[in-house]
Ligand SMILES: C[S@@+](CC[C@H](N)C(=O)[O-])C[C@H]1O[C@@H](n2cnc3c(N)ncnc32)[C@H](O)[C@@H]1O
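Here you get one chain, nothing else, as structure tokens; it is the form predicted on its own.
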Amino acid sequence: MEENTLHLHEKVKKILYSLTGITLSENKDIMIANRLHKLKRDTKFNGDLDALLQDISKGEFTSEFINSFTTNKTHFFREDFHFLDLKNRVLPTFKSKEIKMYCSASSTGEEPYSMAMTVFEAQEENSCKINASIIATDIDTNVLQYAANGVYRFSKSSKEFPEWIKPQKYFKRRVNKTLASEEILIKIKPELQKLVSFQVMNLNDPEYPFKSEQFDVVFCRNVLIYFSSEDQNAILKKLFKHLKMGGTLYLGHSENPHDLINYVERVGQNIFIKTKEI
């Protein structure tokens, strides 16, 4: 790699870490180059890439930079065993009671809407009303807007919905006809959207805008992998302060509770109940 390119990529990593806490691994050079050139096009910046990064370092184009370099890979009911646990073990204990849940990396909204659909399924199975609210945060403003709109592409061959979910109960179907093809779009129904509140938040912030022990359930899945081990531990400890005693923490399949291990009880595949305060 040329020295100037190496300099630019190191600068991108440094800026991204300072703004978000996200650590880019060594094998991301092609991704960095592609996203850097796209960022220049999107911002219509007239100078060279080094000048663009200098401006970002001074506080210009920070939202555009963050949105360009955050990864948003998700789908409905990803790792669906967590939603089964939520439906079968957690939610039945909140019959006619309020449950507050948090989704810490909502991306384009599939995860928090999956949580909302799970609430409706639990209500139906238990013939009860569950008063649920979900706060969903992300650092990327573009994906939050996408999530708030609640419109998604749908493929009949898709297997992202488990057998116990009937999508037609929760989505309105639209057909987008073009000259080339017919695209099926689905929109989240208003009764689900009302359960979810989307907010901008950086998991690397020193404090979170929540009350102590505010949440009964915290989803923190497949986001810690973008942080260093030290920062993962710090994020988990911050989240833990906002989880109620006896509340449930869900982590992604390749993530672990780090120092929280002595303060939780494992009850399933990366499913943990808070048993002690730190």
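Don't overthink the numbering: it's just position in the shown sequence, from 1. Quantities reported herein were computed from a predicted structural model and do not represent experimental measurements.
Quick note: we don't show the form predicted in complex with the named molecule, though the next part is all about it.
Do Asp140 and the named molecule share at least one heavy atom pair within 4.5 Å in the model of the complex? Yes.
Just to confirm, Ser68 within 4.5 Å of the named molecule in the model of the complex by heavy atoms? No, Ser68 stays farther than 4.5 Å from the named molecule in the model of the complex.
Using heavy atoms and a 4.5 Å limit, would one call Asn202 a contact residue for the named molecule in the model of the complex? Heavy-atom contact with the named molecule at 4.5 Å: present for Asn202.
Applying a 4.5 Å heavy atom distance criterion, does Ala105 contact the named molecule in the model of the complex? Flag for Ala105 set to yes.
Quick check on this chain: which one of Phe240, Phe215, Phe61, Phe227 has a heavy atom within 4.5 Å of the named molecule in the model of the complex? By the 4.5 Å heavy-atom cutoff, the listed residue in contact is Phe227.
Taking 4.5 Å between heavy atoms as the contact cutoff, choose which of Asn72, Asn149, Asn126, Asn131 touches the named molecule in the model of the complex. Contact residue from the list: Asn72.
Every residue in Lys87, Asn256 and Ile271 with a non-hydrogen atom within 4.5 Å of the named molecule in the model of the complex? Looking in the model of the complex, the three residues Lys87, Asn256 and Ile271 all stay beyond 4.5 Å of the named molecule (heavy atoms).
Region of this chain that lies against the named molecule in the model of the complex, out of 107-115, 159-167, 91-99, 188-196 [heavy atom, 4.5 Å]: Comparing against the named molecule in the model of the complex, the contact stretch is 107-115.
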